[in-house]
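Form predicted on its own, single chain, as structure tokens, below.
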Amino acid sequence: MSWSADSTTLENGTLRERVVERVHSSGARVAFCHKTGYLRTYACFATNFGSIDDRYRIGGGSEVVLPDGVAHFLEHKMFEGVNEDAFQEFSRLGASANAFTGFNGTSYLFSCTDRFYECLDHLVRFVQEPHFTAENVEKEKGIIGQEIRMYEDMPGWRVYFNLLEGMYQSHPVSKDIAGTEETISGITAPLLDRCWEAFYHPSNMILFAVGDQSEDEFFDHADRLLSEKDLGPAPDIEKITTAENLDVAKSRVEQSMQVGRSKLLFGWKDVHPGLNGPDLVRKELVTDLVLECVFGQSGALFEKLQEANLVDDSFGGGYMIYGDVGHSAIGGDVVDPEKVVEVIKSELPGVLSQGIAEEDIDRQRRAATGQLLKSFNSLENIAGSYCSSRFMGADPFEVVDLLSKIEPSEVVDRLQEHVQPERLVSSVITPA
């Protein structure tokens, strides 16, 4: 056996979920969640390398600065093998495959109803066998350029990234995950090779599966599979973060597009360097309770906006947290974005002075608990939650218990800390 330590079990009685995880001698974290009675099995191979990882150094060496969009570009190129596209083999095996790049990581995944271990072999092997050439990299620039232009024409995408552009002065979270046509023009095959060697080492990756398979058989197979390729010792990577303060770049960003109704997003940013693990998860949960109590569709503020015919059922929001920064984003399709922001700003002083009633907090906590319990019926959600949580140093299955332990005073304090009228940023898409 090639496991470097005894197995660890993450178990939660409330969720009735159990995950066994081990660290392979290659450095990879390997984990399995058994779900009795499920016909489909879901697996992912994820790396802790996303769009915000734009600067790093290895072994105390010189700083490496990456062009915007390189993590997403690398994801695209990983599917191109020497002889064929990796999707073709998944299709022959009857599996549904995909990949995505986020701010914090990149995941390669598949789901299938049979031939699971053949699919798992293919997943791990193509991710560990990159094929970058000058020709195929240049060809990909045209393909990704089309994707970038497509997203530039999507109002929902633009209103969100315009909001981040207004919030952040220099942090890479404000930049489009795919980069721009200008930034990807500088990506080369040697650059992709260096990024793959740095961030696709098994020590920076998680192999996770969930379904009705044999636990022992999965770990035996994963052991043999990860032992096939010796990628050497783990590189000593230091990710270099970009300092950000609470001052916003712009309080308002507006863009005209072909839309029937205006789109509005507003919110606030947070800066919390050094926060990690359960503390990050708890902050996200507390802030989501604040936003739902104040701006949710069961609250007085939404009712006032709806009675004035300013918003509809598309209005809502949430809180996103990415390591050293985080932000809220609230809004939807609106008739008059200026009037909505005006009402919000006029109502906030009263909300801040009154605080949030304990019964409202308890009601929203119950609703959030129900949504979380429901979400863990999804194999895809379990895999996504597991990988993102482990990369943050948290336990994905303690989220319901953390939510139950939040005190009402924490929610009220968080309201005062986060919802500051003078730091509000708004993003508007208006009909062209």
Partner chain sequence: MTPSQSTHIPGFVTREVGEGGFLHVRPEERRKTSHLKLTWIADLGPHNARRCLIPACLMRGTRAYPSQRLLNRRTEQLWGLSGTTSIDRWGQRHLVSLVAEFPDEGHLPGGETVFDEAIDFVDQLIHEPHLVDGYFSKDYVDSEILQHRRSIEGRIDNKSGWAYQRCLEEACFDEPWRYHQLGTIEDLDGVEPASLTALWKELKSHQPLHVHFSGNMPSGRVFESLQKLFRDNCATKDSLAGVQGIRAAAEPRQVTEFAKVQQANLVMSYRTMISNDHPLYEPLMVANGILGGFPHSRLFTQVREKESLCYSIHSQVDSNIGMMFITAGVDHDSVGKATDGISEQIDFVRGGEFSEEEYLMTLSALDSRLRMVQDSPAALADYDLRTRLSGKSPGLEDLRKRVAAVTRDDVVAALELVHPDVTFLLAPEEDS
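Residue numbers count along the first chain shown, from 1. Keep in mind that this is a model prediction, so the values were computed, not measured.
In what follows, reference is made to the form predicted in complex with its partner chain, a form of this protein that is not presented.
The candidate site formed by His76, Gln146 and Val335 is fully in contact with its partner chain in the predicted complex, as each residue has a non-hydrogen atom within 4.5 angstroms of it. In the predicted complex, Phe391 stays away from its partner chain, with no heavy atom inside 4.5 Å. Under a 4.5 angstroms non-hydrogen atom cutoff, its partner chain in the predicted complex lacks Phe161 among its neighbouring residues. Mapping the unseen interface onto this chain, Asp176 falls outside it, with no heavy atom inside 4.5 Å of its partner chain in the predicted complex. In the predicted complex, Glu17 approaches its partner chain with a heavy atom inside 4.5 Å. Across the options 222 to 230, 344 to 352, 117 to 125, 153 to 161, residues that bring heavy atoms within 4.5 Å of its partner chain in the predicted complex belong to 153 to 161.
Note on contacts: among Glu244, Glu254, Asp360, Asp270, the single residue with a heavy atom within 4.5 Å of its partner chain in the predicted complex is Asp360. In summary, among the residues Tyr322, Tyr200, Phe132, Phe87, the only one with a non-hydrogen atom within 4.5 Å of its partner chain in the predicted complex is Phe87. For the stretch 280 to 313, the set of residues having any non-hydrogen atom within 4.5 angstroms of its partner chain in the predicted complex comprises Gln297, Ser298, Gly299, Ala300, Phe302, Glu303, Gln306, Asn309, Val311, Asp312, Asp313, in sequence order.
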